[in-house]
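In the form predicted on its own, a lone chain appears below as C-alpha cells.
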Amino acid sequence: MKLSRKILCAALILLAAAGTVFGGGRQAQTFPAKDITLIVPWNPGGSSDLIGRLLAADMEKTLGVKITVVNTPGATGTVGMNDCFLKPHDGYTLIANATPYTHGILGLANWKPADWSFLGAYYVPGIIAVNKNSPYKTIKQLVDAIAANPGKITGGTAGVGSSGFVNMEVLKSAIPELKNYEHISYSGGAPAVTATLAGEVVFTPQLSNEMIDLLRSGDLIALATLTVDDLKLDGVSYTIPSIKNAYPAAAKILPCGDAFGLLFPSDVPQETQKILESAYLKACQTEAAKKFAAEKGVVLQAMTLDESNALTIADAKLKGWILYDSGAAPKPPADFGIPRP
C-alpha cells in the first residue's frame, strides 16, 4: 500500500509537470518555441534586404532558432507586409522595411502606421546622384534642367511609396522646379541605382547604402545629400553638399532619408515584443553592425520600440501631410489616425 501511494504521488508530480509544459505552460512558455520567418518585401540588394539579413544573423544566435529570410517584392513593399499582417500576430513572422507611414495614404493598404511596431536600426540618408558621364555637375544644374525640360529629365526610384519617391515628393514642397521631373519606378533601390549607372535614367534620389560602392568608385557622382549638414562618407573622396546650400528653403523639410529595421504587428504580445527588442538591440551592438554602418554610409541608431514608433508618427505627420497636400497621396493621413502637425 505504501508503495502504491509513492507511485501515485510520483505520477501526480509527472502529470503536474506535463500540464505546465503542454497545458497552461503554453502561455508561459518562453518565446520563441519555433523558427521565425523574416519577410523582406523588396528584391535582394536594397536597404531593407541588407539590414534585415544583418540583424537576423545575430538574432538567430540570441533567440536560439533559425530566422528564414524570404524576399516577397511587390506593390512598393505592400505584398510582403500584407503577407505578414495576415499571419498570426505572434511574433513568428517579421518584416524588414523602413518606417511604415505611407502605405495607407497612398491607397496601397488599409492598416494604419500604429498597427505596426517598429525597431529602427539604421538611419539612411537620401542622396541625389548621377552617373559619371552626366552633363550635370551640381544640383543646381540638374534642377535648372528639370525646370527647363518638363517631363524630359528622368529620376529612378524603388517605386511609389519608396524612400526615394517620398524624398522627391517632399522636396517638391520646398523646390517647386522638381515637379517637372519624370518619375520612373523600379522593383527596388538597387535596380534604380543600376539604371542610373547605365544611363536609363538621368538621376536617382535613392539611399546612401544602395549606391555607396559606386560613389567610392566614381561611377556615380553625388550632387547633393538630403541631410541637414554636408555629408562625408568613408571612401568617397569629396564631401557631399547638403541640398540646403543651393536651396535654403529645403532646410525646413530636412533630413530626407529613412530609418530601416524590423517590424511586426503592434498587437503581438508585449512579452514577445520585448524579447524581440532585446535580441535586436544586442544585434545592433555587434562589430558586424558597426562595420556595416561605416561600409555602407549609414548611421547606426539602434532605436528602442518606443523611440522607433515615435519616429513613425513624426514622419507620418510631417511627410504624410506633405504627400497628401501635394496630391501625391490620395487619402488624408487623418483617415489613418494621423493629425496634422
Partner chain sequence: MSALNYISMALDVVVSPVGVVSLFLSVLLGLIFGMLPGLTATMAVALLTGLTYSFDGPLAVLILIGVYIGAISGGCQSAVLLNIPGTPASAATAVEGYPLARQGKAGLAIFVSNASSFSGTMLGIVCVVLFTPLLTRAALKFNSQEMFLLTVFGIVICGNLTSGGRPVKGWISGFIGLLFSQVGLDTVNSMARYSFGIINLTAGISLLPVMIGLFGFPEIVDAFNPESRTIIPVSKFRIKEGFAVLRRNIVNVVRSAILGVTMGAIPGVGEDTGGWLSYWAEKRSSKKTGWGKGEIDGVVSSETGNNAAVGGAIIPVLSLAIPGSAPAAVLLAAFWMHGYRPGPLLMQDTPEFLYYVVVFMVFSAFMMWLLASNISRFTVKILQIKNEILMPIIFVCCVIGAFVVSNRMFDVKLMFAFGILGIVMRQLKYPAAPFLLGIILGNMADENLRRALILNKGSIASFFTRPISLFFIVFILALLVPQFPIAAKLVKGIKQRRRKKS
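Residue numbers count along the first chain shown, from 1. Remember, it's a predicted structure, so these values are computed and weren't measured experimentally.
This next part talks about the form predicted together with its partner chain, which is not shown.
Proximity of G151 to its partner chain in the predicted complex falls within the 4.5 Å heavy atom cutoff. Using a 4.5 angstroms limit between non-hydrogen atoms, A198 touches its partner chain in the predicted complex. Contact annotation for F203: none of its heavy atoms lies within 4.5 Å of its partner chain in the predicted complex.
Contact annotation: R216 falls within 4.5 Å of its partner chain in the predicted complex, judged by heavy atom distances. Though its partner chain is absent from this view, in the predicted complex it lies within 4.5 Å of a heavy atom of just one residue from N245, S173, S266, S187, which is S187. For the residues M303, A279, L54, V298, the 4.5 Å heavy atom test against its partner chain in the predicted complex is passed only by L54.
By the 4.5 Å heavy atom rule, the three marked residues P255, N309 and I338 all fail to count as contacting its partner chain in the predicted complex.
Here the chain stands alone, but in the predicted complex its contact with its partner chain, taken as any heavy atom within 4.5 Å, falls in 72 to 80 among 257 to 265, 113 to 121, 72 to 80, 96 to 104.
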